[in-house]
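One chain is shown next in structure tokens, namely the form predicted alone.
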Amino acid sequence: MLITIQVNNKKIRAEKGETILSALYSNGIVIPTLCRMRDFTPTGACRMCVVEIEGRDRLVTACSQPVEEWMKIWTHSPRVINARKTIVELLLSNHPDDCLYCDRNLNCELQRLSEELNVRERRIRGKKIKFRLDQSSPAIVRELSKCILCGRCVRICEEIITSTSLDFINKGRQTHVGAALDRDFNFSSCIHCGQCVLVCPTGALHEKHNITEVQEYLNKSGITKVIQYSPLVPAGLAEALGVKYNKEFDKIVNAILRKIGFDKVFTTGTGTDICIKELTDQLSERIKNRGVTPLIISACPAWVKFAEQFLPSLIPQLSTLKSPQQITGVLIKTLVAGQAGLKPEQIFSVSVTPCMAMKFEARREGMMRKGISDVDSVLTVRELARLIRLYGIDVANIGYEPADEPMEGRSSAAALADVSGGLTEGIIRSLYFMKVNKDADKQVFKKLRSVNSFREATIKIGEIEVKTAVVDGLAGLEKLESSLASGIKYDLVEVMTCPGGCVHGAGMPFLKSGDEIKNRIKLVYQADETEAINLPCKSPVLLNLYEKYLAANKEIADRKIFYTHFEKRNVLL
């Protein structure tokens, strides 16, 4: 039911029961917020969205106040602007003055609000908060002196990720956000997904940078520098560098990386194709032997750590196959090293990924052999963009170059794996082609491509039916557990920690609007529609790799090197 309200002396229509903030946004009126997150229950904690309502003595928070018919509202009256300015000044009173050195400089919401509200002097002085820097996590750095207590990280961790690694600690001026028992991150249940980094409005949470380490090795002689990047990286990089993306940009990325100083450039998409092929073989074997438990995909390192901590009963059902990053990394340290006549320790292997949890995964005990890591350093897309700017490379004036053999290409199914449900689709399509010898109709995967946090589909392949489930964001795990408890039998289950998949990974450029995720997903689906090679089993690169290289290499001929192990983890709760 639509009602009429008056905003800044103009009548607008609003839906009865919606909040003032929602009504304002629907009518193109923007007011600042700090604690608000779309689709979350409003808290009114930051008070930045206050508005003036005729007949009320106090200003009210627009995010939590429902509209009422013929309500008269002023969104930018002198009283409102002064209140917002005072709130920002209070936040700045004990905030560090290190903007030039801050990770979020020029991309900080507090900084932007200070500029918009014309804060040009320090009128309010408070005692500076001196919290120690927490760098214990392999993926996330906490600088609590920059925390403004908006609560976004707490809510995303509790309501979307369900890891509940963060909470408010102490009272009054001593209130701050911390992990269990106020310990460092490495003692907590943090799964390193980095979604808290994406929602943090300041630099209180940011990724742990490996740029300096990479720079040092790029300048070392006697070391072969090798880099791999996942299928989504070129699109994310184009977004971060402000250039338009097209398929040819992948070849530009290859040229850029060689210009920076890397000797070999590979695509992680080849590793994704291997992952799809191996999982397809596992699923086929399980169906053949009439397995009663589902095969749960383990390609998401944040999900694997979550399962090890909170759902140890599911560990036996997890595929022990390594992630595409680690599969590519192990091939670099074995196959590529062997071809070049190098020892594994003579190769410095870097991975570029949209996922911050990959930084943690690269340091897992099961991801190294004889004390040597399969992947030595992991960069996010944002870090690679910084590295490119640091080396002064003009992206607009650089040629096209192919990636290096034997991991120079991928199928469109590998790119599809960056979207939640895409890896499942790639596996089922591969199994369908294996059994029926023709491509599956993509319409049967419509349910897997929906936006629900939990979705399931039954696909008929010849005379068999394969029941699949996709958990899109860990909030959907509750429905999966309920289904399993009720006796529903799944053949294949995919779990992605970040809602939407790697397109919403914490290593991607910061979002300016919700439409940007939709655009990333659209690019992935477009690639699947237009690229000639749509399945790993059709990829000349993969066929050549298996038939020529892997079969001839004794160390990896049995493919056991692609597998690892998972075990229960005990952490502070």
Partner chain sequence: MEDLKKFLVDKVLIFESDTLLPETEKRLQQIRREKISNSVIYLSSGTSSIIAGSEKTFMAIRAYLDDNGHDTDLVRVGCSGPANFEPFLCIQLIGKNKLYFRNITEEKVEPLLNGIFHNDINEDDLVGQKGTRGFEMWPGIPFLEELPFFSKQKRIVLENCGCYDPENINEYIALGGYRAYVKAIRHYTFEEVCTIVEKSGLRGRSGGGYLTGLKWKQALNTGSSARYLICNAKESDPGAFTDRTILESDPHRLVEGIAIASYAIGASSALIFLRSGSEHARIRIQKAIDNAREYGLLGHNIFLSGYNLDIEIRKESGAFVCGEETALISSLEGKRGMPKLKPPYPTTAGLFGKPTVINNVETLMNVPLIMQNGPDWFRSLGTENSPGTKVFAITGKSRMKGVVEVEMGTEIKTILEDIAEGIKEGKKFKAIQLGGASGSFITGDNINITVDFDVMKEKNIGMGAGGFVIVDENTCMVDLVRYYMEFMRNGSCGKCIPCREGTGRMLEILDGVIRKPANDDSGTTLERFKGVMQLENIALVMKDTSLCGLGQTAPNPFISALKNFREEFEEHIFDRKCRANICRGLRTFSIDVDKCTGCTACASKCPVNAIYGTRLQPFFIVEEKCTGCGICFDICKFSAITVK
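It should be emphasised that the depicted structure is a prediction, and the values quoted were computed from it without experimental measurement. Residue numbers count along the first chain shown, from 1.
This next part talks about the form predicted together with the partner chain, which is not shown.
Proximity to the partner chain in the predicted complex, defined as a heavy atom within 4.5 Å, holds among S114, Q317, T224, T86 only for T86. Though the partner chain is absent from this view, in the predicted complex it lies within 4.5 Å of a heavy atom of just one residue from L480, I161, L91, V375, which is L91. Not displayed here, the partner chain is approached by I169 to within 4.5 Å at the level of heavy atoms in the predicted complex. Residue contact check for I124: one or more of its heavy atoms lie within 4.5 Å of the partner chain in the predicted complex. In the predicted complex, no heavy atom of C537 sits within 4.5 Å of the partner chain. Under a 4.5 angstroms non-hydrogen atom cutoff, the partner chain in the predicted complex lacks D39 among its neighbouring residues. Partner proximity in the predicted complex, defined as non-hydrogen atoms within 4.5 angstroms of the partner chain, places exactly one of 469 to 477, 169 to 177, 132 to 140, 377 to 385 at the interface: 169 to 177.
Of all the residues from 131 to 156, those having a non-hydrogen atom no more than 4.5 Å from the partner chain in the predicted complex are I148, L149.
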